[in-house]
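Heads up, the chain below is alone and in the form predicted on its own; it's given as structure tokens.
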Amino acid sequence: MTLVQPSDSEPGKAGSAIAFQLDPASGVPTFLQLVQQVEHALRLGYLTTGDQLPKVRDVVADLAINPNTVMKAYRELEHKGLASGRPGQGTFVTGTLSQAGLPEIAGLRRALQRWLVDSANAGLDEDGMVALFSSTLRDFRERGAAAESRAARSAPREVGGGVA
């Protein structure tokens, strides 16, 4: 996914904040790659409610894919409540997945970039970085679930059940 500025070279042509990219080696169906890219842009705050997604004909021309594939992706986004088509106008973002503000995301991105440099300097390749991150994320989730379980066990319980 590439973030782009709306085109000033084509007067009257509405631009979109993202341009899709495909990874044919990923094993992920094309329509799902488009859906995931929109979801990522929403989570990171690059797309917000009211933004227009690229027009189907533009995606077809840029990526050389079947229009039905793009329409399937947009229908999936509509089903998830994230986008809505407007006849004759295009498809627009109607929902959000953003969980943090742009300043927070920018700081986290800088920290992650430093981590990537440190990882590369330590000798990890991309697959090693992904494995380390995935393992650490899994441990984090498991610790979170364990902490919630401990908190529930230690919470005071009501004794009795009658009314005094």
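The first residue of the shown sequence is 1; numbering continues from there. Each form is matched to the other, and the largest set of C-alpha atoms that superpose within 1.5 Å is called the rigid core. What you see is a predicted model, and the numbers here were worked out from it, not measured in a lab.
Below, we refer to the form predicted in complex with another copy of the chain, which is not included among the displayed structures.
Fill in: 4.5 angstroms heavy atom contact with another copy of the chain in the model of the complex for residue 104
Residue 104: yes, in contact with another copy of the chain in the model of the complex.
Worksheet item: Applying a 4.5 Å heavy atom distance criterion, does residue 61 contact another copy of the chain in the model of the complex?
Response: Residue 61: no contact with another copy of the chain in the model of the complex.
Worksheet entry | Close approach of residue 68 to another copy of the chain in the model of the complex, 4.5 Å, heavy atom | Residue 68: no, not in contact with another copy of the chain in the model of the complex.
Worksheet entry | 4.5 Å heavy atom contact, residue 44 and another copy of the chain in the model of the complex | The answer is yes: residue 44 has a heavy atom within 4.5 Å of another copy of the chain.
Worksheet entry | Residues within stretch 108 to 129 having a non-hydrogen atom within 4.5 Å of another copy of the chain in the model of the complex | Read in sequence order, the residues that approach another copy of the chain (within 4.5 Å, in the model of the complex) are 108, 109, 111, 112, 113, 115, 116, 117, 118, 119, 120, 122, 123, 124, 125, 126, 127, 128, 129.
Worksheet item: Can a Cα shift of no less than 2 Å be assigned to residue 49 between the shown form and the other one, given superposition on the rigid core?
Response: Residue 49 C-alpha, core-superposed: shift of less than 2 Å.
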